[in-house]
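Shown here is one chain on its own, the form predicted on its own, set out as structure tokens.
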């Protein structure tokens, strides 16, 4: 885990003033004439993220001003770590920010700085330039920043790593490192042991790959605490199987384990914060490959829970492996069950890359997740588990079809498929997320991303603390 670009103190740190658009005029008018002249000469405007550095009379770097816009953009400092000259900086003043918002703005100033500093350059012969560092603001919530930043960075690193180096065994190894770090226990069920231990759907989908399929099972915390179980889709590469994807559709399929990466990052945060829960993380880790023993369209797959699955399309493999993991999770009746998966293109068509689709039969849980998403600047959007569409994945020869023949409501039918394997009495939510930033934005560089993580942590902390 790379060190975050923050330091406890630095006597030479350059002071930065953060100012809202509304307060900028009066602040500027109160400054010395030379500074006012400088700001006018460079044409500074306090839109969110804009910045201007200014010199001392001796020509040294004297300070800087950063625009906050209307004060609502929490990513305003998200480009500064690489945009500013190398060195240390500190938050000198927040101008135009209400007293009740000072803690939030200070916390997000350092969080956006840290997440914007992230670069995935391990494979470059010469890593990129070093980032500027920030002195911890006095009013920032340090534990929150460390928790969410490290969780997001772990998730990003796992997603960004190419499949050659992040196959099922490597994902299990990364899970073992996480378990060792926090004193958790990790079991891994590999290969034909999946059949012996009644996890046939995971085995069927992953058996064609050179790397054997496996189920990663991490447990942490006191068994007397409420059980919180996280399930993550760990398809380390998805060729589409025999229903092979075109090259354009395969290009980003190293990110098809984005659900697994998301729950591992969330688990790191939960354990780091020592939340009073008995945490379990279940990850079916497989590669959807092609060989002589690959599962085929028309095959009927047995599952742990019992319902049989007709394979309508081998490229709808994620829901098949999740079926066994969700069934296993329900056997101990957790107080909360969450699954995260890069599951359908239909969810992206409906909501785009930045807005994870949320499905849950539990209205209170769904409401809490949406409210926390809004509060944590980590939005999610609930879509309906519309039972009227269940007929779209009916099968004439098995209990359910993994894809069906209709192109309608793909995200909903995928969620309904998963619901078949979840016990009604278990509070459950399913996230269909993209796991990737297609565009470079402040605090969110192009590449793997941890969507819904802050919203989920907030709900878990509020429910069980």
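No experiment lies behind these values; they were computed from the predicted model shown. Positions refer to the first chain, counted from 1.
The form predicted together with a small molecule exists for this protein as well; it is not shown, and the discussion that follows is about that form.
Discussion item. When the contact criterion is heavy atoms within 4.5 Å, does residue 313 count as touching the small molecule in the predicted bound form?
Written reply: Yes, residue 313 is a contact residue.
Worksheet item: Would residue 245 count as a contact of the small molecule in the predicted bound form, using a 4.5 angstroms cut-off between non-hydrogen atoms?
Response: Yes - in the predicted bound form, heavy atoms of residue 245 and the small molecule come within 4.5 Å of each other.
Discussion item. Can you tell me if residue 107 lies within 4.5 angstroms of the small molecule in the predicted bound form, counting non-hydrogen atoms only?
Written reply: Heavy-atom contact with the small molecule at 4.5 Å: absent for residue 107.
Practice prompt. Answer yes if any heavy atom of residue 317 is within 4.5 Å of a heavy atom of the small molecule in the predicted bound form; otherwise answer no.
Written response: Contact with the small molecule, yes.
Worksheet entry | Contacting member of 158, 281, 149, 343, with respect to the small molecule in the predicted bound form [4.5 Å, heavy atom] | The residue from 158, 281, 149, 343 that makes the contact is 343.
Item to complete: Would you mind picking the one in 256, 287, 324, 339 that has a heavy atom within 4.5 Å of the small molecule in the predicted bound form?
Response: Answer to the contact question: 256.
Fill in: Partner-proximal stretch of 230-238, 269-277, 86-94, 69-77 relative to the small molecule in the predicted bound form, 4.5 angstroms, heavy atom
After filtering at 4.5 Å, what remains is 230-238.
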